[in-house]
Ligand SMILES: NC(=O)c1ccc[n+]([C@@H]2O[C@H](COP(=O)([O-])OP(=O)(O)OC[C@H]3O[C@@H](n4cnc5c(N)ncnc54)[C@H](OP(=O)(O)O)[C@@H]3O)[C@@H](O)[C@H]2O)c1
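Single chain ahead, written as structure tokens, the form predicted on its own.
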């Protein structure tokens, strides 16, 4: 199984770092093209290559690590997924300009963290995400922790717990293998309708819980 990463911000780059530390190859991409990732791939070493979004999306397992507001634009022009595995690492939040009125909105409990929840009209995020990748086997993972700790799955003599969920058992098994290879302790939250809600930032009951398996 080869791995592609769409998005090279905090989430995508730290997933790439975690893979690189175990020598697991992957292609990482962003909207600006492979040349803009030269310094990142030089830091990460030979197992991580820069590519186009289409190249990353053609992998057997694709990690989507882009901001919610960019999902439609990024995913809308890609080829058919044809049963490939897509890891949904996204969360329905908007990142706020610290100088904007929204960043000082007293009615927003998340303003102090620089984010605002996006109203999905009663849906949960993976339900919406799944509609953007028709034909893919979606697994929710890599979304519930602070992105800054994703590159350090082994800590304090143990392993960080990484939640995952999905409706396809075989797809979940492949994602579990990757999480274990990186060094995480994977915990299966069941189907997307259950696990997707539990681990979704910002209001899922397991969101931002940083459990360590000793």
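Residue numbers count along the first chain shown, from 1. Just so it is clear, the model here is predicted, and its values are computed rather than measured.
One more form of this protein should be noted, the form predicted together with this ligand, which is absent from this view; the next part is about it.
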**OP:** From the candidate stretches 163-171, 142-150, 183-191, 42-50, select the single one in contact with this ligand in the predicted bound form, where contact means a heavy atom within 4.5 Å.
**Re:** 142-150
Subject >> Selected contact from 128, 133, 74, 103, since only one has a non-hydrogen atom within 4.5 angstroms of this ligand in the predicted bound form >> reply: 74
Subject >> Contact label in the predicted bound form: residue 59 to this ligand, heavy atom within 4.5 Å >> reply: no
Original post:
So, in the predicted bound form, is residue 7 in contact with this ligand at a 4.5 angstroms heavy atom limit?
Top reply: yes
Original post:
Is residue 93 close enough to this ligand in the predicted bound form to count, meaning some heavy atom within 4.5 Å?
Top reply: yes
**OP:** Find out whether any non-hydrogen atom of residue 154 is located within 4.5 angstroms of this ligand in the predicted bound form, and reply yes or no.
**Re:** no
